[in-house]
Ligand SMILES: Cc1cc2nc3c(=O)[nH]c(=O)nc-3n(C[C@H](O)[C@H](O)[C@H](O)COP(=O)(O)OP(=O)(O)OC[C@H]3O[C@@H](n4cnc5c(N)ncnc54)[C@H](O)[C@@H]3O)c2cc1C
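We begin with a single chain expressed as structure tokens, specifically the form predicted alone.
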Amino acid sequence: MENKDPLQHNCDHYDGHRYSDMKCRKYGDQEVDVCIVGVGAAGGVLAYELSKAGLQVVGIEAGPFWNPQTDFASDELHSYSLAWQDTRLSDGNDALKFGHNNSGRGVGGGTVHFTAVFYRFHENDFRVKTIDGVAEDWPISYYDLEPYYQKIENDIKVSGPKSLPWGTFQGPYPYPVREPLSANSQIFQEGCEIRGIRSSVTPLAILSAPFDGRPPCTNRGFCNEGCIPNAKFSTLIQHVPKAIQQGAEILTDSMVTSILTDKKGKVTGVEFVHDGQIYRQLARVVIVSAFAIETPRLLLNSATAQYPFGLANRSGLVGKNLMVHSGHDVFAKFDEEIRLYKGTPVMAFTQDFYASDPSRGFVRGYSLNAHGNRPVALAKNLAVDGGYWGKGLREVMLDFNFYGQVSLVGEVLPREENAVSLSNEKDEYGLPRPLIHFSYSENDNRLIKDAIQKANEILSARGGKPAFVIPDTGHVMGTCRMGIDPENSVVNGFCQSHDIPNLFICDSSVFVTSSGSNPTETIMAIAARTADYLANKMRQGPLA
């Protein structure tokens, strides 16, 4: 594949792209067209697409501008530095954990250390209320996102099977599947076949052949630790360098503390802190793409006399309807060595239990992923969430190589009581720390029970002995959902605030429902669609 990008992906990203002195800002004294808060999965796509459309773009990121060759390490403990480390307060019957499993910090956000599992949502994911009578329907359909799914997959050359048995899109993907499969994925597919369950090799945002100056994957397995060779996609190495080439400016290590508004109620830019100093970036349009926790936190903290309950919050739903994926890890012990640490973490899956089935006693469904693991992570999770200590923990870890693992991605339905609000505790910037309340519903718990049973059936069919289950979650969504009715949603189908026309919210916070799929591809497809809409609107004049 011809490399049309003159930027070298292995270059020092600091050189020429980042300034140690904020007085050297490209757009420091200038009102730009668009300011993007957060340069992760959505922010990276927005920065590239909008700058390519000829708009002046500034992206502001709280974390650093990582250099994969000098900042990443093939080391579990070191990789924790890639996560958002600031304190988040969490309560509820099922209080959430935050960190490496769900929160990125730095250019690229969570794409820097995700498993690169790349699923499209199904058609029924957008019509949950119509089909199942629960939650809400999205204001957009699968077909509104379909051309953007295709664009994103082609832009980054997703590797995947020639055909899939589930959903509207059934392949093929731009690049062939990654090979060879890990042993854990092989036993998963063999167990599925014995049980009469359909399975497939997983579509991944990981190269199976060279592309764009990046090498194909060599199956090192350090996807969650930051991919040093750049075989795994992230917006850090794919979209952001191209955005800079198109003229965008990316400010890093800069925490946005408030969104500015004028007397007419429109946003005028943002205020942020860098090295203890306060700066401003004026903009005609502000897009908040800061993650489903930090996005509502910023909107709520930007309250004014005109917007006393926070920006874009006429409905009172900013921060509400928080969702995660139930992500329990199911382990079985085998007589032969599986070696969970070897190879790309997720390489096989099934979505045979994705849609609602009235016989199961709950609505909606889940994906099951054959999921690799690493020893430090397993020992930590066993001790913290699995109830294993001392001799018991040591015995499990001595047999680490003999365990197989299946992880679920279970749909969790939105509920207003699951929410992000502002606590009375302040952080280093003087901002209220976010307080997150989360509890599973009865439907969620029934779904989890069924998924664990199916995972054990698959592992047992292949000869594994069910060993233990570690409760876990991933993929935080909701808190600023999109919709048609301004009284029942925060943004419209193009991520534009119902209340303030030049304020957009574009990340997983706009999700109406969570689906049973990993969300990154849908986040990026929504961002690409929003960029298209915004660029066209701004060519026509000021946003009304």
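Residue indices: 1-based, along the sequence shown. All values reported here derive from a predicted model rather than from experimental measurement.
Keep in mind the form predicted in complex with the named molecule is missing from the figure; the text below concerns it.
Colleague: Might Gly269 be said to contact the named molecule in the predicted complex, defining contact as any heavy atom within 4.5 Å?
Modeller: Although the named molecule is absent here, Gly269 would stay clear of it in the predicted complex, with no heavy atoms inside 4.5 Å.
Colleague: Using a 4.5 angstroms cut-off on non-hydrogen atoms, would Gly516 count as touching the named molecule in the predicted complex?
Modeller: No, no contact at 4.5 Å.
Colleague: Do Gly106 and the named molecule come within 4.5 Å of each other in the predicted complex, heavy atoms counted?
Modeller: Yes - in the predicted complex, heavy atoms of Gly106 and the named molecule come within 4.5 Å of each other.
Colleague: In the predicted complex, is there a heavy atom of the named molecule that lies within 4.5 Å of any heavy atom of Phe114, even though the partner is absent here?
Modeller: Yes, Phe114 lies within 4.5 Å of the named molecule in the predicted complex.
Colleague: Look at the stretches 444 to 452, 136 to 144, 255 to 263, 310 to 318 and give the one with heavy atoms within 4.5 Å of the named molecule in the predicted complex.
Modeller: Going through the listed ranges, the match is 255 to 263.
Colleague: Are all three of Gly40, His100 and Thr520 close to the named molecule in the predicted complex, meaning a heavy atom of each within 4.5 Å?
Modeller: The answer is yes; Gly40, His100 and Thr520 each reach the named molecule.
Colleague: Of Gly110, Gly410, Pro296, Gly404, which one comes within 4.5 Å of the named molecule in the predicted complex, counting heavy atoms only?
Modeller: Filtering the options by heavy-atom distance leaves Gly110.
Colleague: Name the residue from Val286, Ile237, Ala290, Ala243 that puts a heavy atom within 4.5 Å of the named molecule in the predicted complex.
Modeller: Of the listed residues, the single hit is Ala290.
Colleague: For the stretch 462 to 496, I need every residue with any heavy atom inside 4.5 Å of the named molecule in the predicted complex, listed N to C.
Modeller: Only His475 sits within 4.5 Å of the partner.
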